[in-house]
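A single chain, nothing else alongside it, follows as structure tokens in the form predicted on its own.
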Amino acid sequence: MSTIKVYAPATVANLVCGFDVLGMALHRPDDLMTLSLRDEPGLVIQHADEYQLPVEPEKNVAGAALLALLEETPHPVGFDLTIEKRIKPGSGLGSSAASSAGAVVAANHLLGNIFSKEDLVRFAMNGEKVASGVKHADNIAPAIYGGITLIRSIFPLDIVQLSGPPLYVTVVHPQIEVRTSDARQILRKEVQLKNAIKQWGNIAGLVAGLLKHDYALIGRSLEDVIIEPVRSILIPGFDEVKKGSKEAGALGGGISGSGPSIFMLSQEERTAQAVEQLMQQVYTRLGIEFRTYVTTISYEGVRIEK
């Protein structure tokens, strides 16, 4: 095989209380990527979308990830990469992670799967550094491993896959941009001990709720006392969406990654659809363009076209 197509999933990072340590892959939206082996070493990137992203490998998130992979490839090789971004950059849905993860998964497949998933996460984190200035894996890990992942440590890399009960995910993406780097800069540098203790309890409760399939515990644990109070001011309509979604029966939710997208988890599909209607009403009234999705968790992660 010399050419491969992959679908790289959107992801929800943090899962409210798990800043930089929890992430979840979604079935939709996703990016479409085509990777081909070249006859000579090198990397050529082109985009089949409207976002005018850089094509220089060092400035492109997928390019940076592939360059890291090529440094450890045992023999010289080159790639042609075409990216059709269907996850809008700056959406808070892991757009940069999708490109980075999709590129290295596709390359590894063409090379005969010589690298482990942990290796692929390590390579793809170089793309996240291009996007935000920081290597983090809360979007990369679920995109590559699928499902919900816990990043116990970055250095050394330690990723734990988490099982969970069936869940429906409703997402609204207000058509405004919140840059990850900007959203990080406004965070407080110090945290009060009482807030840290509450946050630790929520993270542990959420992980336990997922593993025990305890919907009530999941709902009680979807609380963030550190990041959300600061970042939510960047997202018009956030408080109304969160309050209304829970009144409509959602288990809970919050900011997806650095925003502006908002996600809500529901036990039943009809609840997820009611939440979508609520989200649409809020942003229609605010006069802000938006997109909504009702989807589920992707336990496959980056999907190779058969």
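Don't overthink the numbering: it's just position in the shown sequence, from 1. Here the structure is a predicted model, which is why all the values come from computation and not from measurement.
Just so it is clear, the following notes concern the form predicted in complex with a small molecule, a form of the same protein that is not shown.
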query: One stretch from 256 to 264, 236 to 244, 61 to 69, 38 to 46 that, in the model of the complex, holds residues within 4.5 Å of the small molecule by heavy atom; finding: 256 to 264
query: Contact label in the model of the complex: residue 283 to the small molecule, heavy atom within 4.5 Å; finding: no
query: In the model of the complex, residue 17 touching the small molecule (heavy atom, 4.5 Å); finding: no
query: Any non-hydrogen atom of residue 136 within 4.5 angstroms of the small molecule in the model of the complex; finding: yes
query: Contact test in the model of the complex: residue 184 vs the small molecule, heavy atoms, 4.5 Å; finding: yes
